[in-house]
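The form predicted on its own is given below as one chain in structure tokens.
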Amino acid sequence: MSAAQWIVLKFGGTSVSTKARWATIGKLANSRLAEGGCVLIVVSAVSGVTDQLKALIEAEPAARAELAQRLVEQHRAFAAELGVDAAILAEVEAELDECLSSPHAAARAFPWQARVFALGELWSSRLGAAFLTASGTTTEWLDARTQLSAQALPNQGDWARHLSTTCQVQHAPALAEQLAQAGRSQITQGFIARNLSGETVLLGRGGSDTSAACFGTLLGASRVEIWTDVPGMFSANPRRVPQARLLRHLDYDEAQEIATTGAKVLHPRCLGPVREGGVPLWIKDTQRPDLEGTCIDASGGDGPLSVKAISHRIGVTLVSMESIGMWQQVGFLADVFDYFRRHGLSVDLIGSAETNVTVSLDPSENLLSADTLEALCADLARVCRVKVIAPCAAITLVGRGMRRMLHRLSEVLAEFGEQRVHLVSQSSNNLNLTFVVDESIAEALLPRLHEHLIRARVMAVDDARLFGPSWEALSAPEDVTLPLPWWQRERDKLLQIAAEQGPAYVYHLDSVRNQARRLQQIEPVDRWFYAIKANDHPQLLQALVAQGFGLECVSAAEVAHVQRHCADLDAARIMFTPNFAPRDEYRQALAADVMVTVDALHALAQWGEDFAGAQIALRVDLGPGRGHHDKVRTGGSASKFGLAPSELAQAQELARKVGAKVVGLHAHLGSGILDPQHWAEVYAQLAALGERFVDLRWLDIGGGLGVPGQGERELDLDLVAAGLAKVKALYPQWALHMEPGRYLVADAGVLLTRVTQTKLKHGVRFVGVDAGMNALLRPALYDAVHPIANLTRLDEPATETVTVVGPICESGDVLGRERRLPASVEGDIIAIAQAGAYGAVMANRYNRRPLIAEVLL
């Protein structure tokens, strides 16, 4: 029988802890046996047993017998539950007795500890062999220590040699043949091996994964399957980032980096053996065996450049060493790192300057106690000044070709720019970029960073070869189905419009009304305004006015447009919020009796007589801007919008001098914000400033409500409302206004355009369409990402990775990069979604191309 017909299945503690789980193991083993080969099952100890063994080891000798008896009774009871004879456990119980009576027990010698810890896997594998055999799948028991031989590494301490060692393995066809003849189904232990002296040793944390990988290489297995309680590896910790995406396919190196930098699903040590043996490794969910899981093999790096995951580790300690003496000093670093070696500490990240070296110590790989750290610092103080920075967290972006993606990480870097970053490290293998920050902020950063990666298309989540569903989608009840976007439901109408009109924007008024109704459920908001710069189509304005919205304008021309098409709209429901507008526009707005907002001292100081007797609002810049791109952030020292809080007193005095009353304060810090707490924070800051204004009647906290792109979580309006309600309870005296724009209309519009040509150049496949940045400027201006679909072939599978471009003579005329689409041909209709905002209003006639038609359904 060929060794390549072996399949190795590994099951963790929770997967071997109940009879039902063992029945699942039996079904899985039988399904693999049905493929015609052999199966080796690798098991961990029953859940909780390793912790009990640890407690036994740490207990005083007199207390160990009682703890040991509990373990014996627990496994005998489990044998009864499984319906097998407890006599099969006699050898393990005898080994336990030997350990308790061993002369090494009192000193807790490391070899003795390894023998005790190994009992958990010996128990579970004995039980499993008996249960599977009794269930009809004859399964032979194999002692892993007869096959896995551990080898000590240089500079490895006694603890590591016995409790966290490694195995060097290579394919052994003779062993594969020998085991196959002994039985097609076999079970063995994870976590344990034997050293060259014949002692039992452990493979350390995650050792069962490593055991499975070693056996996979020894047997030349067709694959190793790691069965866990999660569906696979994800693009972030799904319990912290619900929108994290399943990673369908990784190469060995990427998986190694993700595991090393914080992912808990897989131990990094297990990847070395399968990489060397060329054995694919699958991660599967025991509770949902039909889910695809994650496949790790040599071909996983195929496909577009993409950040695959963002991982993090907490409990990181930084040691900063500074001395002018290290500059051009031969051997200085050798002396410094020798101190780390003497104290048994492994260095993880390194950052260096001419007079400073800073390193990180990862607690998962170090025996890092306060005493050890103190002793290290005392030694280092002989040659340099030492500073310890802790506790820290290391946040790591992982993806092949990281350096080629740096230019697309501006939003991620901007997010870190607002934080205290202690160390930045870009790996020499071009696979990761790590930021070390204060531990207290790490978990809050992860969801925002994940959103930035998706929004900037640095994480290519729409490539189905690499990414699967989100954790949120996988966790949703099976009977919950999301409705199709309106433009998919109206596909036939859209194809007809495209045939008659050519390139066209199409708007769905019901979608606008639905969004308006959703916002109006946020009870703390007293008045809503629609920012018409997002889309000023008359029928959209009329629909929103009918819905009870006021209209916010940023130019006198927009005010005139509103008055022309919404003639019955009360002037009090029109807001004029200009920026660096000329004096005449302020005069026109004041004459129209609309609410005028002032965001610079110049207007009041130089044109004061125009504001005599007027009621005005002041726009305040509350600090760092927020949003999906630096060009939509409207707060901070570099922003041209708003008054600094320190200027409010002067603005108030200028208004008093000309007889104007400040009745409103306004703040808007950016667009595309998906953090539901943002508006409550703005509200609280604005309200705190409002107490100095005696005539104040309302506060406007702006808009900027984010429209989620593919893979991003939807803005939770209930959380927005809850946050606002808390602030309003403190400041009930002022009305609350909000002024969304894109949130109301983005999803209500699509741009229809026709394929003109296709081209394959240097491996990049281009799909050209007849509407480019002249029609939709957002991708070129903001690096905005819009969903793109081939409407003609909507039901066909996406088989090609393409870049969608327009006909404009500019390199920036790109509507979407690295998108997965069906094979497109000339004449196909392409739909670009989320185009209802900042589409037609920003269109232009560059290259003398005509403006795009607008159609309402």
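This is a predicted model, so every value here is computed, not measured. Numbers for residues come from their place in the sequence shown, where the first is 1.
Keep in mind that the form predicted in complex with a small molecule is not shown, yet the notes after this line are about it.
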Non-hydrogen atom contact residue 145 with the small molecule in the predicted complex at 4.5 angstroms: no
Proximity of residue 705 to the small molecule in the predicted complex, heavy atoms at 4.5 Å: yes
The small molecule contact at residue 533 in the predicted complex, heavy atom, 4.5 Å: yes
Exercise: residue 577 in contact with the small molecule in the predicted complex, heavy atom 4.5 Å: yes
Which of 291 to 299, 737 to 745, 222 to 230, 439 to 447 sits within 4.5 Å of the small molecule in the predicted complex, heavy atom basis: 737 to 745
The small molecule: the contacting residue among 619, 457, 678, 313 in the predicted complex [heavy atom, 4.5 Å]: 619
Residue (of 210, 235, 188, 671) lying close to the small molecule in the predicted complex, criterion heavy atoms within 4.5 Å: 671
Candidate site 249, 348 and 400: all three near the small molecule in the predicted complex by heavy atom within 4.5 Å: no
